[in-house]
Ligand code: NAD
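Only one chain is shown below, in structure tokens, and it's the form predicted on its own.
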Amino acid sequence: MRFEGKKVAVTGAASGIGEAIANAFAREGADVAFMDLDMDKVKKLAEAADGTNNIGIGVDVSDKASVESAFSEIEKTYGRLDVFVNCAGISIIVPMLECTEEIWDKTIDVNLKGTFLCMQNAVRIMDKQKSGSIICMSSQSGKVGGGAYQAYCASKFGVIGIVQSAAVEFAKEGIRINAVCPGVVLTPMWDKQVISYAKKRNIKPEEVMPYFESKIPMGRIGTLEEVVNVTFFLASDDSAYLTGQSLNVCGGQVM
């Protein structure tokens, strides 16, 4: 098993990409802290996952005290942290002139402030052991802006900036920090966004995914497994000389 004995923490682990990544690490022998605002869900997922030393932790990534408490529990339980994957995020599609201050603030708080707070606490643990890999979920929308997506794009561009800055600062401490930039991947998040995206493009909801496929050079939507595989690469020694990078996983839609 590729990550036997490793101590891993994943935010946003109650659903979608975060859940897939957390479960995949557990299958590969890691002890995994499933972290999410939905505490009941992650506790159940941790209990059901492969392995015997997984834990579920409720955390609001936008709240400093909540994040500090969560990482304190991880350090108390595992004594170290080898891999941290920051998947917690929200996405709201709304035209700029309809984007409220509440939508803007919530998006930035979860996607950008949450990334910073969690990375800060993960680094504090890893700095003691002088090793570790941090992987943050940005997006292809963190590379190229899209209409009706200002708050989300701003937050995901910002994630890449944090990754690059922290990677430089902690490279000599043995901590590697990289980002994954998925394109369209079918998750529960998209189930909620299809109607909004259809309105944005003035198409029918059932036409949304075929529309995306027509824009992707590889002609298909990405899978959770493909995002997991890139995350595994960045978490492993196979990428030992990579830090500060943001890898696109989008079928060639963004290069």
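Worth saying up front: this structure is predicted, and the values here are computed from it rather than measured. Quick note: we count residues from 1 along the sequence shown, nothing fancier.
Here the subject shifts to the form predicted in complex with nicotinamide-adenine-dinucleotide (NAD), a form of this protein not shown in this document.
- Only one segment in the set 48-56, 186-194, 23-31, 199-207 has residues whose heavy atoms sit within 4.5 Å of nicotinamide-adenine-dinucleotide (NAD) in the predicted complex; it is 186-194.
- Although the partner is absent here, G132 sits far enough away that none of its heavy atoms falls within 4.5 Å of nicotinamide-adenine-dinucleotide (NAD) in the predicted complex.
- Although the partner is absent from this view, V228 stays clear of nicotinamide-adenine-dinucleotide (NAD) in the predicted complex, with no non-hydrogen atom inside 4.5 angstroms.
- Contact check for Y152: a heavy atom falls within 4.5 Å of nicotinamide-adenine-dinucleotide (NAD) in the predicted complex.
- A residue is said to contact a partner when one of its heavy atoms sits within 4.5 Å of a partner heavy atom; L117 fails this definition for nicotinamide-adenine-dinucleotide (NAD) in the predicted complex, lying far away.
- Interface residue among V110, A166, I125, V83, judged by heavy atoms within 4.5 Å of nicotinamide-adenine-dinucleotide (NAD) in the predicted complex: V110.
- Along 81-117, residues C87, A88, G89, I90, V110 each place a heavy atom within 4.5 Å of nicotinamide-adenine-dinucleotide (NAD) in the predicted complex.
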